[in-house]
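Okay, here we've got a single chain as structure tokens, the form predicted alone, with questions on binding and movement later.
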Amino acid sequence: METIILAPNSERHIVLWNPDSTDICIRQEENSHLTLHIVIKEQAKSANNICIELVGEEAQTDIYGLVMASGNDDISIRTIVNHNVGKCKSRQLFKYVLNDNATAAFDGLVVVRPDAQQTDAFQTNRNLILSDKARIRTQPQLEIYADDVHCSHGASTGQLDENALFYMQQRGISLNAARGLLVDAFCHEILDTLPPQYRETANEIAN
């Protein structure tokens, strides 16, 4: 496992671009700010484990993930965010787009320790299924052992909006183009948060 330490008052942006697998632990000291992106497209198999240890007050973590899987791809991401001290923030937003026979999993665990009062933690996983054979398993979880916290988590899985597709076709947009536009919009909530040097490649990812 790779270990990265963010020093007090530091800021770091990490992009994991199409990893075969990742096993990483990031330890954050007080008032540090981490932004982490993981973007996966057309990987036959990718298993990823990300652990965040918030050990200094007022540290903040923002994690964004995008998976676009097709064929027989098998993609998994597991995150653990440990709030060990108080006054820290964590944000997680993961989106999956699955087609063909692809399978994927998201397991996210946020742990708020007894001393981590005034924690602010948010975690969500949204999934878009484009075929009848694609499969997703999602399990966002919270373990809270403190009483002065603001925490939420959730997951949703669905297909493209048929009403939106119909509306676009009525205005001369082909079905394939309409589907592509909706998928593009779904993905760009993640891709638009990437650093500028990744934007051109990000546009290719969504298309």
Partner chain sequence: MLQIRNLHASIAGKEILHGLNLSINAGEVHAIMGPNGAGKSTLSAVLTGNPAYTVTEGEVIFNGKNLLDMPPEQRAKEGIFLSFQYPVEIPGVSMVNFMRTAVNETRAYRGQKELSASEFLKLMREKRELVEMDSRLTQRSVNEGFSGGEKKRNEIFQMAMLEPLLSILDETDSGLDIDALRIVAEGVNRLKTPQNACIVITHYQRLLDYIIPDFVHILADGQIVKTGDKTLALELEEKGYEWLQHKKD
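Everything quoted here is computed from the prediction, not taken from an experiment. Residue numbers count along the first chain shown, from 1.
What follows is about the form predicted in complex with the partner chain, which we do not show.
None of Q141, N49, Q169, Q43 but one reaches within 4.5 angstroms of the partner chain in the model of the complex through a heavy atom, and that residue is Q169. The three marked residues, A7, N9 and I14, fail to reach the partner chain in the model of the complex, with no heavy atom of any inside 4.5 Å. Between 56-64, 148-156, 171-179, 30-38, the stretch whose residues reach within 4.5 angstroms of the partner chain in the model of the complex through a non-hydrogen atom is 171-179. When contacts are judged by a 4.5 Å heavy atom cut-off, A164 counts as touching the partner chain in the model of the complex.
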